[in-house]
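Given next, in structure tokens, is a single chain: the form predicted on its own.
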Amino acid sequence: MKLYCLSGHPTLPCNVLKFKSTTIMLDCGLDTTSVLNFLPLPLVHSPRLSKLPGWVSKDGTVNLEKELKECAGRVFVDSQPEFCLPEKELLDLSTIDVILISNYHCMMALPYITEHTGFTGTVYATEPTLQIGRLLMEELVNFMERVPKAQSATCWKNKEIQRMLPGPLKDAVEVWTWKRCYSMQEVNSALSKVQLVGYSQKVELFGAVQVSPLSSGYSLGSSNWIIQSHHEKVAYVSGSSLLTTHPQPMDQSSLKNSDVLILTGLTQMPTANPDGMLGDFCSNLAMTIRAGGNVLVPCYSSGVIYDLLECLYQFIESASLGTTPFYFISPVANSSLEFSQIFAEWLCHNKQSKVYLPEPPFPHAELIQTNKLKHYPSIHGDFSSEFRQPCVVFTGHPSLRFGDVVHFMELWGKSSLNTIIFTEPDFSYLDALAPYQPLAMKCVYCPIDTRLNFHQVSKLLKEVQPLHVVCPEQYTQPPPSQSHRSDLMLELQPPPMPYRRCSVLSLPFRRRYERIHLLPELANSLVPSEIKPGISVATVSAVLHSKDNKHTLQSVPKPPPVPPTKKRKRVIEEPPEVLAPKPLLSGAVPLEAFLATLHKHGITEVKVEETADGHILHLQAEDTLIQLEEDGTHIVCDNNEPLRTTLRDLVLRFLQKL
């Protein structure tokens, strides 16, 4: 069993498991942190960005003024943002049989895998994962396509030149493999390969293994996966949460008794408490509005935004923000808000029960009805005529490199009355803000990450007790910024097996058993004989038939009767000749009784030597050796066949024939 790691980002995983003749891809996350190296894509012409100076090396040997721009001491690529893809060269991706998706954030690289590698398999995901994943991909494509860049920067990717570049660009990983965003046509084609599954539904893969999704408690429809054969079990735990938020709670009991547990997607903010962060979010928002400023919340169009809106719903009245308008701007804003209300069976019990009242499970429905929350596909059109300040705007993208958020950064960045509140933990907020410096607006960092932290995961692993744990290398050491915090890492016995991008692990358990079915008529013909009290054994003569990884023992076919006349010679396919089986022997040869029997038959000169496995009897006069061992008896006798036959018969007297 082997595990190939194709992504170095622990929260955006992409691994391939080779297990029992199947090749299974576990998630295909897209590392979007690469976009932080690019300049933002403004919706309208930005004089500030267009006036940024080009970059020339200090000695003047490298001149990339057209491709690289300098802003506040940092260098950015002036081109369409590109993404760091999962590794494609480590193994042939066309051999992948299935892709298992754990949540909608971990499927953003799907079109790159299914459309450009010769992939012909099936993708398995739950319905909310597919539908919300589709919205996020559609939003990404929309952000990129509505502001196309005329030129494409490629020279800076040259290895020789990249080495001479400053800061983050110099250390960027495998920049020559970075790719631009896919098209909507590729998204539709990739998602047409998805087959929907429900929690605990068992899916057979070629009869070899069974895969089954379990609720992971992190987002709508998010799953952990169990991959098992008759005798082995692998658990894949990715992006899970034990907190009481809107999704169904995590199913922990089904993870028990795993031979291997592959763990990834832990919290990116181990020191930040999500409840405390929600409190900070609300108080900073209220403070800014009261002072007459605007609040900008860069966010994804699904996920944490539902919790933020719910929190604000309870907070608005008490903080007397009843008249403040809340705007949610995204090409998929309407679909996202509606989807969250219709996926009732994927919600926690408390929200499910509201559906039967009938009431909308999320309070943002009421915010929309009372006109406190308004949603728009973009800042053009209706929004520009209805927009009034001070207000709160939720919009994407959290990287601040593309989407409507870029426009608000340019619009509000010069006033210290305004505040930007970061709630998504995927991007360093300092790196996100770098191309907008110098910035007057206030910045508040309230990262809300509900995924498992190290304390919760240690407790979980104690309860489910897997034999082996496999996890990203980052989890086996404290974070670089807090190297003294040994509580911010996984400490297990035996230690977890770490992996990093491009590593191949041989997982430490061997398959020892295989299940075989007996046909009823063959089972009927067996005659068990008792070898010990309560233990009976029967020998089987049968033909092993293997198809679709299922093995069946069938009765031996009888030879066809010979035709009486041979007028015309026909080529008859003769069945394989089956010899009558030799009897199997069981039991042990007792030394004293065997020596007495030899004595009776006139063999008196016997020298006995004890060995690690039994005894060696040297018949000196006959120049013969008899090795008596636990699992076999050997008679070594040269050129005396009558003696060998006699000795064999004497040994057989002590053994049971089956």
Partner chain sequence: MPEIKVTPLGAGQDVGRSCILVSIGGKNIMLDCGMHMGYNDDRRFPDFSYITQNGRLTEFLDCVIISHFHLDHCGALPYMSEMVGYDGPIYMTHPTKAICPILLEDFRKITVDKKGETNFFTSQMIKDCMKKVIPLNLHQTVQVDDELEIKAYYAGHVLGAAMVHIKVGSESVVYTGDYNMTPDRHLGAAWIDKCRPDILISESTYATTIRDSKRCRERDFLKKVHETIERGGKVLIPVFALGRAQELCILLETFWERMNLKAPIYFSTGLTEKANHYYKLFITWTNQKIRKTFVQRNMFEFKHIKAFDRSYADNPGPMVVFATPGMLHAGQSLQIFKKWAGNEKNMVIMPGYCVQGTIGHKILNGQRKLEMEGRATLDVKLQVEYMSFSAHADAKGIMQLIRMAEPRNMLLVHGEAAKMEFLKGKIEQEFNINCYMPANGETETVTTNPSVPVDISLNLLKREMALGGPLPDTKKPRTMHGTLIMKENSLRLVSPEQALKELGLNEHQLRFTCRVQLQDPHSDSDTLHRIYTHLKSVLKGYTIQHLPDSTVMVESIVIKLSSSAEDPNTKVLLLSWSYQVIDLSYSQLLLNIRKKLTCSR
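On a predicted model such as this, the values are computed, not experimentally measured, just so you know. Numbering follows the first chain given and starts at 1. Take the two forms, superpose them, and find the largest set of C-alpha atoms that agree within 1.5 Å; that set is the rigid core.
This protein has a second form, the form predicted together with the partner chain, left out of what is shown; the following refers to that one.
Residue contact with the partner chain in the predicted complex: D59 places no heavy atom within 4.5 Å of it. Contact annotation for F383: none of its heavy atoms lies within 4.5 Å of the partner chain in the predicted complex.
By the criterion of a heavy atom within 4.5 Å, L26 is excluded from the residues contacting the partner chain in the predicted complex. Proximity of E514 to the partner chain in the predicted complex falls within the 4.5 Å heavy atom cutoff. Only one of N371, N188, S536, Q314 comes within 4.5 Å of the partner chain in the predicted complex through a heavy atom, and that residue is S536.
The partner is absent here, but in the predicted complex a heavy atom of S335, alone among S335, Q268, S283, T122, sits within 4.5 Å of the partner chain. Stretch 524-532 is the contacting one of 524-532, 424-432, 319-327, 467-475, since its residues have non-hydrogen atoms within 4.5 Å of the partner chain in the predicted complex. Scanning 78-107 for heavy atoms within 4.5 Å of the partner chain in the predicted complex gives no residues at all.
The two forms, fitted on the rigid core, differ between the shown form and the other one by 2 Å or more at the CA of T646. D623 is among the residues whose C-alpha shifts by 2 Å or more between the shown form and the other one once the rigid core is aligned. Taking 2 Å as the criterion, L430 does not count as shifted between the shown form and the other one: its C-alpha moves by less than this amount when the rigid core is aligned.
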